[in-house]
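Here you get one chain, nothing else, as structure tokens; it is the form predicted alone.
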């Protein structure tokens, strides 16, 4: 049985709503429809609603994801985006990214609470781990191995080490799909997804250019 391949675009704090819609119109029509190729775009919170509309109207094979969600439910939590509200717009949420841990002090315990909120509201949680020692909360189906030294540096991890970390995570947590993230481009994506234990990639900077992201998706689609 062939494995699923996830290609997830993390725009971080980039793109206006208009820029995001332009990207979706370019990319959406170029993505091949294949149940095992799972393409997700994670825009800013302000763009989620319009992005969802654009994907629905265009009937594009794209899923919408958020870059975070609240560890709390609905209530008096100023500034937070609860999973119950986000579930109307997103299929997936990136949780525990190293930038969240570094810049906002997120802990493993907080990430676990967010995973619980996601699962309770039918949102697939994707937990980012920095190495094989970072815990993956119970019930989480997706993890992304993102070594800090590789994020935004142009220096990805070695194929062997990335595959070994993915294998260790799968051995530790059982039914877990593991992605690789950190300086992923169209030049190296084929090599990463060819690794036995890697189920796709989390793409940062290279996802901002529509043409580059289309190349990444097409390369992945040819390997399924």
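Residue numbers count along the first chain shown, from 1. Since we're looking at a predicted model, the values are computed, not measured.
Unshown form predicted in complex with ligand PGA; subsequent notes refer to it.
Student: Exactly one stretch in 65 to 73, 183 to 191, 167 to 175, 23 to 31 has heavy atoms within 4.5 Å of ligand PGA in the predicted complex; which is it?
Tutor: Among the listed stretches, the partner-contacting one is 183 to 191.
Student: Which residue, 99, 108, 80, 131, is the contact with ligand PGA in the predicted complex, using a 4.5 Å heavy atom cutoff?
Tutor: Result of the distance check: 99.
Student: May I ask you to state whether residue 15 is within 4.5 Å of ligand PGA in the predicted complex, using heavy atom distances?
Tutor: Although ligand PGA is absent here, residue 15 would stay clear of it in the predicted complex, with no heavy atoms inside 4.5 Å.
Student: Is residue 136 close enough to touch ligand PGA in the predicted complex, meaning at least one heavy atom pair within 4.5 Å?
Tutor: Residue 136: no, not in contact with ligand PGA in the predicted complex.
Student: Would residue 123 count as a contact of ligand PGA in the predicted complex, using a 4.5 angstroms cut-off between non-hydrogen atoms?
Tutor: Flag for residue 123 set to no.
Student: In the predicted complex, is there a heavy atom of ligand PGA that lies within 4.5 Å of any heavy atom of residue 151, even though the partner is absent here?
Tutor: Residue 151: yes, in contact with ligand PGA in the predicted complex.
Student: Considering only 202 to 224, what residues come within 4.5 Å of ligand PGA in the predicted complex, judged by heavy atoms?
Tutor: Heavy-atom contacts within 4.5 Å come from 202, 203, 204, 205.
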